[in-house]
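Given next, in structure tokens, is a single chain: the form predicted on its own.
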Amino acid sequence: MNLNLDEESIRSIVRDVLGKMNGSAAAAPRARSENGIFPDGATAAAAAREGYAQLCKGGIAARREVVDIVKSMTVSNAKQWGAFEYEETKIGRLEDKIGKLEIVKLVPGVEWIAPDAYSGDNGIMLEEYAPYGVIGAITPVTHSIPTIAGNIINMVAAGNAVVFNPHPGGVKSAVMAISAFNAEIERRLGIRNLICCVGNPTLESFDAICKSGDVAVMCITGGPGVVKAAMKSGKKSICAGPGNPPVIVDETADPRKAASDIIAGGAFDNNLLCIGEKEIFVTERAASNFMRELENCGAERLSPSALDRLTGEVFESKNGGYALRRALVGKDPQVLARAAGANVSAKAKMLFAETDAEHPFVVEEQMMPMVPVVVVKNFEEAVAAAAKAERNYRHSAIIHSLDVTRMTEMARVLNTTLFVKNGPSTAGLGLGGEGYLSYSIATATGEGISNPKTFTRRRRCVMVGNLNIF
């Protein structure tokens, strides 16, 4: 995933992509209806319904070809599209934006929806994974094109069409990719408007998609506000909500491996991943060696005064708690350091600072490569503090320990959808660990890491009689 691009290579890619665009693709998307882009939610949903009818006629073969189109186009355009999204959103790291697109090929497709069959003395039973029809999808600014591509693969593999209401901060990227996908799908299969998108997304267009009779199911990847709104729509909603993943490091862990893994996961795309390591709880006996290894592996420590200054830049008091200011979300460690009045190496991958368990960097999901480290007396205190910081989101958690009983205890107490042991958070999505990739992790509604089956309903067909030949 990490391309190890140097600064000049990054600048060169951005210049090349923007030059090829000649300003046209970078302009604000117009309300238009070609290649699946529509001016409002209701029109887009109705068009997607027509696309669904065309897909049904094409059968499994058409689904498989659409999946192949999306995967191959995303990978082949990874550098250009990653640079475009990086330039539009101004968050994350270019090399990781590209990396997230190159691994879209790992998202599962049609192979996941083979039917289940049973036979016996009373006949034959077949259970199939049937499509819902049209899925209404909301995508985040943090991973605009990767989430869109991953959702299309899962949803179309399951036999559905999709209508997207992308985050306004990433809508240019969404329009670019969706237009390209639709053009190729129509060229190769003759199917129009299988993937639809609101070109000027608003709260009103989101509401229209939620209320549309053409939309059967909502899929939300975003914050608590949009999740709550979707769940009030009256439709089945598959919701990937917020997370604040804690990490525990105890005295049995290899401190260097733990440090290296935490940096690999927490620094990826400047900690924009919802599964990324957001706060660390380390036992007293492990703390000194572990923090030394963080520095040895490329993280830089902020002084207490620098941390105080950065905290004031990142958070504001609100309603008795803290609210995140968005200006520094997803920015490089060097940018954060300057905001803190500090200087760090140009090679610094992550910042860290020692805090208490009530610090705003601990209790709020901050999505930036500055990870707080809380020293606790023992493992029991670490688990209690981690559970409090995770805020019952049931999203993700990570542990570095060689004690299996402690792994089990943390798993039981936090009960998260994704739980990684002795690896970077990204291993939980099959990147360096076993499993499969998806950019929508339905924590709020319990479906877990999405796959094609997530977007189907089980349908049973039974034939009665003694039909066995044995």
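Residue numbers here begin at 1 and follow the sequence given. This structure is a prediction, so every number in the text was calculated from the model and none was measured.
A second form of this protein, the form predicted together with a small molecule, is not displayed here; the remarks below concern that form.
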*in the model of the complex, which of the listed residues (Lys349, His167, Lys172, Lys331) lies with a heavy atom within 4.5 Å of the small molecule?*
His167
_Under a 4.5 angstroms heavy atom criterion, identify the one residue in Ala183, Leu203, Leu189, Ile124 near the small molecule in the model of the complex._
Leu203
_Partner proximity in the model of the complex: Phe38 to the small molecule, non-hydrogen atom cutoff 4.5 Å_ = no
*Even though the small molecule is not shown here, does Pro146 get within 4.5 Å of it in the model of the complex, heavy atoms only?*
no
*Would you check, heavy atoms only and a 4.5 Å threshold, whether Asn193 touches the small molecule in the model of the complex?*
no
*Tell me, yes or no, whether Pro255 is in contact with the small molecule in the model of the complex, where a contact means a heavy atom of each within 4.5 Å.*
no
*Based on heavy atom distances of at most 4.5 Å to the small molecule in the model of the complex, which listed stretch, 131 to 139, 283 to 291, 152 to 160, 382 to 390, is the contact stretch?*
131 to 139
